[in-house]
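Read the single chain below, which is given as structure tokens and is the form predicted alone.
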């Protein structure tokens, strides 16, 4: 049997307008991957994930439209890859619950996003979990379900997301160990993170990671005039034209590198060393970015004007993908955890109930005559009653003697009790002593 193609899965959270970081760090590498042979690509719009941070329904809808139109405009062919919306695959949240039941809370406590939120609360003097939702806490489990439902082999991510891939591997291993004993193949393959080092995390306008959370993004298909204005506003240092400039830590240089060839990047490095002015460097960045983006901008604007067509593409992708992979996978996993059709259960005769046999025991007590007595009991049944003794010590010595197999014979049998029953009860004490 030939090996299946390598499965590569990429997604973008639908909580904002696609920006240059999304394009250079995820969309462009993913589209390049789609050209490779022996590779099966999965591209999805992570709209469930967007609910963790975005409480604006209109923004989620608009972002979903913009991201779908972006990928299509950038050259994605839905006939050759799997292109779908996360919320159109109901098996994903179901698998998330299965994984939740094997996910260690201690591991979830160490997730970067959750720890960062806790640390911020502590700095602000708040309770550790103030304002932290279960969605934020369980984000890594949902991400694991996105990956494992299709047994993706590789997941392109930024370096800040590598921990989530490691957590997905942990959940997969735990599930395989718990439910896969004796199975020829594990239920889940262990995914690997893929990072393109030069563009894994692009800087934004302020030098921090380009992120919707920081409001420092450069929208991918913003008009040329706005694109130039934004690029001219990128934060730089105060070095004047003619002064050598460092490429290390330069957001401007990193952005240029992400959109340039190796030769162009080296030429810019030399220009930095020669003291290029920041205005000239920004102009070169604008020209380089716009040259790559402009041909796609027109396609994007045409697509965004036809939202019904995009909806049809997404629903078709999810329908085909569900029938091909998601539904069969969940059927197997439901069976694995015991969520099965009861009509297929083997019928077994109910085991005969047996009453648990009470162990014999001695009870010592004092009567109104001042004497000390003991009884041999088995459950509620009285097997014998001793004669009276002057002290509890004497009664105790007689009990010990009877347990060892001897007695003075001065006792009364209980009602309907035979000597054989008494002997059998006393034998149990001797057996226990030998054990």
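Bear in mind that the values here come from a model prediction, so they are computed numbers and not experimental data. Numbering follows the first chain given and starts at 1.
Keep in mind the form predicted together with a small molecule is missing from the figure; the text below concerns it.
Shown alone here, residue 377 lies farther than 4.5 Å from the small molecule in the model of the complex, counting heavy atoms only. In the model of the complex, residue 43 stays away from the small molecule, with no heavy atom inside 4.5 Å. The closest non-hydrogen atom of residue 83 lies beyond 4.5 Å of the small molecule in the model of the complex. Interface membership of residue 141, defined by any non-hydrogen atom within 4.5 Å of the small molecule in the model of the complex, is ruled out. In summary, among the residues 95, 147, 89, 202, the only one with a non-hydrogen atom within 4.5 Å of the small molecule in the model of the complex is 147.
Interface residue among 133, 283, 161, 319, judged by heavy atoms within 4.5 Å of the small molecule in the model of the complex: 161. Relative to the small molecule in the model of the complex, residues 13, 49 and 155 are all within 4.5 Å by at least one heavy atom. The stretch among 267 to 275, 147 to 155, 117 to 125, 293 to 301 whose residues place heavy atoms within 4.5 Å of the small molecule in the model of the complex is 147 to 155.
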